[in-house]
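There is one chain below, alone, in structure tokens, taken in the form predicted on its own.
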């Protein structure tokens, strides 16, 4: 069973690369894929770049090349749900692309892609082994091609789309995985509150948010049985 970890930035991916033993690197579609073992589990780590197109290109390339048993999109996000602030973690039960809009021709607003429920619950359980229960949430993550840094947009994403967090890749990864029949999980640590303070909060809390994702996935892989 091989896992694929997709991150948007080097700051999110480097820690996972460092965890791999017997690491082998391969470049495909302009992206560096690093494969090795993490707690005895075959894992491939890649930085896809920021945004939905980069994320979709990466996910499809990796699925065709590595045939992973599961994909986890992992990184940081802005908190938009009530009480979802820096220091919290959100695991998606589904994603919605909030900038996908066909309402002019009578379609529903947004594009929803479900995450694998078994994987989502396992990530949720792993998160609760390393963080207090009140800092871990399971719910919807919103994806769009913008860094949200204003309260009005954040409130709309929360209220209109019923989302807990917003970011720029998860919905695209989940959509590709659904089309390809590969289980997908989306894990986000909150680095900012998607408001007027985000420009300062994001670089301030980035490292601690990334560290939380590393602890959670280390716990998750530690819990798996090696075949």
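Because the structure is a prediction, the values reported are computed rather than measured. Numbering follows the first chain given and starts at 1.
There is another form of the same protein, the form predicted in complex with a small molecule; it is not shown, and what comes next is about it.
Partner contact region in the predicted bound form: 145-153, out of 120-128, 101-109, 83-91, 145-153, criterion any non-hydrogen atom within 4.5 Å of the small molecule. For the candidate set 62, 45, 177, 166, a heavy atom within 4.5 Å of the small molecule in the predicted bound form is found for exactly one residue, namely 166.
Interface residue among 33, 161, 202, 66 relative to the small molecule in the predicted bound form, by the heavy atom within 4.5 Å criterion: 202. The candidate spot formed by 78, 191 and 194 is fully in contact with the small molecule in the predicted bound form: every one of the three has a heavy atom within 4.5 Å.
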